[in-house]
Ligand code: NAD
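Have a look below at one chain only, the form predicted on its own, in structure tokens format.
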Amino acid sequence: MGTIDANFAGETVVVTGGSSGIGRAVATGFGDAGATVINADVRAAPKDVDAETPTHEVIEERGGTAAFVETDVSEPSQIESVIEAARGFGGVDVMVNNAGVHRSLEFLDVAPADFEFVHGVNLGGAFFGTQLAAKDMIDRGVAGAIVNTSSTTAERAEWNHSHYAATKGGVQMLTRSAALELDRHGIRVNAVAPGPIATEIREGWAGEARSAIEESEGLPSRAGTPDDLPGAYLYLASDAASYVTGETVWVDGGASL
């Protein structure tokens, strides 16, 4: 099969939650494509069992430019700090709102603290990440791109996912609403909805995802890996998607079928 070469040289990309899992793969993907990458995460050290080197250092080792900014995306003021840091590299051209958390709880067991924690990171982080990045782009007269991380649970109910799925449904509608209002500024807003990806979004989840798929019949034929995701993000952020906005691209190995 052929390959597509993305070129983001001269552009600055902010990836929230870029230390591990999907965010790490997306951040390094943009780095490999020539972008200056800022990883905005609560910690630099990766959670992935097969990774030790922080994301920004990996990008630098490959000859790229990157930085880490300690960031809790549930606090808008900290997102503002990331945007300000990006100004030191010319300002945000692409914003990837990927940071996410998950707590596996049955609907009747979700406490207000659980609800607020998951919503603050998953939906609040994406909302204010989109808003603050857009303001920076508008101030600088940049026709930028924003890509949010949703989930197939935005439209497909699963056990123990009620509060998490609610945030991802919110991210999907945020993407559409922001795309509608930001279009006049030349800013495109899209989302990627990963399916069963073997990451450590919570301890043990990678193994659970693999086991569940191995025991099932039909699609997907395997659990996805973080490396299955960057192509969708790079496409949506690129000029190749200049006529695409308000869309959610599902990357799920056919699970939604």
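The shown structure was predicted, so the numbers you read here are calculated from the model rather than taken from an experiment. Note that residue numbering follows the sequence shown and begins at 1.
Omitted from view is the form predicted together with the ligand, to which the following refers.
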Out of 36, 199, 190, 28, which one falls within 4.5 Å of the ligand in the model of the complex, going by heavy atoms? 199
Among 72, 80, 114, 155, which has at least one heavy atom within 4.5 Å of the ligand in the model of the complex? 72
Listed range touching the ligand, judged in the model of the complex by heavy atoms within 4.5 Å, from 72-80, 104-112, 85-93, 136-144: 72-80
Is residue 62 close enough to touch the ligand in the model of the complex, meaning at least one heavy atom pair within 4.5 Å? no
Consider residue 13 of the chain shown here, and say whether it contacts the ligand in the model of the complex, taking contact as heavy atoms within 4.5 Å. no
Please determine whether residue 175 contacts the ligand in the model of the complex, using a 4.5 Å cut-off between heavy atoms. no
Please tell me whether any heavy atom belonging to residue 20 falls inside 4.5 Å of a heavy atom of the ligand, as the geometry stands in the model of the complex. yes
Residues in 97-113 close to the ligand in the model of the complex, defined by a heavy atom within 4.5 Å, in order: 98, 99, 100, 101
